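Given next, in structure tokens, is a single chain: the form predicted alone.
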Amino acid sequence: MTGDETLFEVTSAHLNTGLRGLPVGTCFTSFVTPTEGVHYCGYPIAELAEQEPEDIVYLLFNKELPNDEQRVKFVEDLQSRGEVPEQINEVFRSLPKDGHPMDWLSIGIHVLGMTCLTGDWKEDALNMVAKMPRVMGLMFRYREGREDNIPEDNLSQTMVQRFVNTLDFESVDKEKMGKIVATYLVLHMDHGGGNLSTFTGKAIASGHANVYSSMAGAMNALSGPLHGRANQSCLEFVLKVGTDDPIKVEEFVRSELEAKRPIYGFGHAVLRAEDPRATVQFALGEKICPDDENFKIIRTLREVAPKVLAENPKISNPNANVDIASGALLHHVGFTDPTYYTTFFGWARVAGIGAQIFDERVVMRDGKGVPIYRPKYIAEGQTLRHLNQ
């Protein structure tokens, strides 16, 4: 595309629509297609689902998957960055336990920024990625009142192992937990450049706020019920269904529609098929927990809900999305409080948003970076025609 090529014509009909569909930049890390869903640096997500989270972090920052030697060096590099400051414990100890976990996560990231800032965009982004497993584990411990006997952070472990080790749940299959969390992270690390949390983080960084402040803002954007907190709502919805009987599930779905309540876990703004991330999680569930009560419910919902939703011609994609299965899998391995689910989303997205912030600040426009975001707002009573005169 040349610099003079017209990509999009803006009309007054585009005003006050949340910038939906308006091109504003380029994204090097990921894109979404209607049939294959999200791609990371050109790789369809279905091809990456079995990779380790560290491999995907490398991919997003370097735009290629690591070879064996690069993988070893990168894992060692992340491990060297993983230590968290003692102030995290002090701050978490002081926070109200009934505050939402996403607020805790945002505050934790701010603490990292106040104690670990280097001022280098890439160094800070990678440092944050490396410290997140311990921050997440400590958040659980302090919120649950389990402040005593917290295991030391074993920096020789993988990111997921460090989180599971810090959490130290009793009577839980830690290997199974690790697999579910690792898959969740891989599937959620990035999703194009224009979703609310990613755009918010990049917009904050465009004013040269540091990457920690920018990421904290991104987490605040993610916390809303129309964005990342949808996965919390989805598990609450599944628990509300309460049965895997197809007839009763269909009755429930129809009653929710009649009451004009949302059917969580279905539909997608871009996809026109089942979200491959949902497909991957269903396959994982069939291996790990096929007889889990919640998994049996979502298995039935996967069959029933699309048929009911497809009766409405206005619904272009009635199929399962990524949120339908993630909550049931997390619940199965001990994460029974759905208010935490968005924090897993946030943990994953730190890598993708961090990589995109680095690209926009350091790489794009031949290293000059994207200028500060400053969209045009039209004064009431004016039109685009008036502005062009």
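Note that the structure is a prediction, hence the values are computed from the model and not measured. We number the residues from 1 along the sequence you see.
The protein also exists as the form predicted in complex with a small molecule; that form is not presented, and the subsequent description refers to it.
When the small molecule is considered in the predicted bound form, I247 lies well away from it, no heavy atom lying within 4.5 Å. The small molecule in the predicted bound form comes within 4.5 Å of no heavy atom belonging to Y184. Residue contact with the small molecule in the predicted bound form: G207 places no heavy atom within 4.5 Å of it. Interface residue remark: K179 is not counted as part of the site for the small molecule in the predicted bound form, having no heavy atom within 4.5 Å. From the list 311-319, 124-132, 145-153, 158-166, the contact stretch for the small molecule in the predicted bound form under a 4.5 Å heavy atom rule is 311-319.
Site annotation in the predicted bound form: the residue of L284, C116, V241, I263 reaching within 4.5 Å of the small molecule with a heavy atom is I263. Though the small molecule is absent from this view, in the predicted bound form it lies within 4.5 Å of a heavy atom of just one residue from V111, V280, A230, C289, which is A230.
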